[in-house]
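What follows is one chain in structure tokens, specifically the form predicted alone.
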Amino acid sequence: MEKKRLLLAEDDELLASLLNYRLEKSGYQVIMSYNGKEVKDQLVKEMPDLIISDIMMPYFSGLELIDYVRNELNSKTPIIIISSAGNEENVLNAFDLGANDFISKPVSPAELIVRVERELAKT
């Protein structure tokens, strides 16, 4: 069976490395992006099976990313937002724009894996 491809957009390189390690260990192919520009460039090349994105990133926020994927690319690719800015306004904005899930930081890698599996099972 072909590995599911996940795009991980996280500007904190230490957290990105930790999540990348755990996701790959769980059998996923992870495409890393450390800022919004890299995310946009990657999405133009190839749409992953699922997107995991921080809200606050340089050049292109996670909220702008949701809007871009849903409205510009017209994609229903599942999007999980992770953020330390887990205030109610950000959470509601993310869901209004079309996010599938929202996890507040600090992120438990085990919880992230469960949520990724749940979203991929729906597709």
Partner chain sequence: MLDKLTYKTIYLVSIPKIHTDLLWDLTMLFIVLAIIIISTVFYFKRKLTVNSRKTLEKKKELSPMISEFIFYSKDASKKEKHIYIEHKILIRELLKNDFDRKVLTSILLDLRKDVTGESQRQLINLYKNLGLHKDAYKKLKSWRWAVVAKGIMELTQMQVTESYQLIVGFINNRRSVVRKEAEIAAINLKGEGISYFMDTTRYRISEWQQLVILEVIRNNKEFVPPLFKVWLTSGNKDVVLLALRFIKHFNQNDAKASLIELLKHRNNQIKEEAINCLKEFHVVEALDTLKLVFWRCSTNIKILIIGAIAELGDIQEIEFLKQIEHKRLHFSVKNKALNAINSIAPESVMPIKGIESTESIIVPEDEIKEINEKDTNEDLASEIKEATEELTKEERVAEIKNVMEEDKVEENVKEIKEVIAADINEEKAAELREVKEEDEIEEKAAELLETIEEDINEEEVAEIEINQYEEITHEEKEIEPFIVDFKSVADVWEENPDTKNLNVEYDLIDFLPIVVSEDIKSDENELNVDLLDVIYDEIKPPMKSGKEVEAEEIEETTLDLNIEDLSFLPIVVDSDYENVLIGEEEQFQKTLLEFDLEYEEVSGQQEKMVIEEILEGNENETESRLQEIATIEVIYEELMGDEKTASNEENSNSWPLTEDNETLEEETGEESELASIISIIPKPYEFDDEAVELHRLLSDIEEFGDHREIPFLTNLLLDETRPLIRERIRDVIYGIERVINSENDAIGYNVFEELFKSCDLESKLILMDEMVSIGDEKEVSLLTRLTNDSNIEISSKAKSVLTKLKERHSIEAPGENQAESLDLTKSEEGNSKQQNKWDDLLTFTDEFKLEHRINAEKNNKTQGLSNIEMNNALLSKLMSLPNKLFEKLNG
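Residue numbers count along the first chain shown, from 1. All figures in this text were calculated on a predicted structure; none of them were measured in a lab.
Below, we turn to the form predicted together with the partner chain, even though it does not appear here.
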Answer range among 22 to 30, 58 to 66, 39 to 47, 73 to 81 for contact with the partner chain, defined in the predicted complex as heavy atoms within 4.5 Å
22 to 30
Check L112 for me: does it contact the partner chain in the predicted complex (non-hydrogen atoms, 4.5 angstroms)?
no
Taking the shortest heavy atom distance, is A99 within 4.5 Å of the partner chain in the predicted complex?
no
Looking in the predicted complex, any heavy atom of D12 within 4.5 Å of the partner chain?
yes
